[in-house]
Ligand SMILES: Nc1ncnc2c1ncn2[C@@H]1O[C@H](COP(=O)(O)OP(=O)(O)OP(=O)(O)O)[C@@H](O)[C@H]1O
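In structure tokens, one chain follows: the form predicted alone.
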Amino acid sequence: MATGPLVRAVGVERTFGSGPTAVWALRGVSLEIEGGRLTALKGRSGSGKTTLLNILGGLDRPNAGAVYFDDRDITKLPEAELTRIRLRSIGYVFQSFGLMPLLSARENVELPLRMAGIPHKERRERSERWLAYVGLEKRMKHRPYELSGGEQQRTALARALAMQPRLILADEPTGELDTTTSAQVLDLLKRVTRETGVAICLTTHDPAIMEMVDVVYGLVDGRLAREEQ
């Protein structure tokens, strides 16, 4: 296992289309994400944040450059191997929560565990443990429409944590939450990195979040600059 940064992006470039109509999403982006730290990618809409997040998580591939996960270049892996890494080591949290509306909070957390072939007893134990960790031990049987926005996002975080990832990628995780609830979710993300050692990288356009993270990378027109907190 690598002893340096968990994730390294080196000279990553991404374009959409070709020729004179090609759109540059990322230009020569290099960064590092360390375990146990909360890293933010900030920028306006269209700055390349989500594209970069998708490439870091193996959901998209760059046109040039490389992404190393544990010093392994994942940009050159076959899709089947990349899928295994995503399932075993990377969790995802989205702005729109991504919960199944007809399932309870516990069932939502259990779903990816079931898909991964985790035995029933362990699925139940993991889902209840992580829902309790995020403060939802009394809301496990409630469906998403019975939960507040903050509770839905905490359910999504519990679902990611239950897979025991080493990296969690969160795309605008507070984008649909009010200011108070956003602060509560950010406090929880900070606690997760501190207590579990998981690396969390999130995207945001909210300047208030900058005071709560460890490292900030600002993106402007696909170019990046690090701002150490």
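Note that residue numbering follows the sequence shown and begins at 1. As the structure is a prediction and not an experimental result, all values here were calculated from the model.
Below, we turn to the form predicted together with the ligand, even though it does not appear here.
Although the partner is absent here, Ser45 sits close enough that one of its heavy atoms falls within 4.5 Å of the ligand in the predicted bound form.
Mapping the unseen interface onto this chain, Thr196 falls outside it, with no heavy atom inside 4.5 Å of the ligand in the predicted bound form. In the predicted bound form, the ligand lies farther than 4.5 Å from every heavy atom of Thr181. Contact annotation for Thr174: none of its heavy atoms lies within 4.5 Å of the ligand in the predicted bound form. The chain is drawn here without the ligand; in the predicted bound form, the stretch among 187-195, 27-35, 157-165, 45-53 whose residues come within 4.5 Å of it by any heavy atom is 45-53. For the three marked residues, Tyr68, Arg72 and Val216, no heavy atom of any sits within 4.5 Å of the ligand in the predicted bound form.
Along 14-42, a non-hydrogen atom within 4.5 Å of the ligand in the predicted bound form is carried by Phe16, Val23, Ala25, in order along the sequence.
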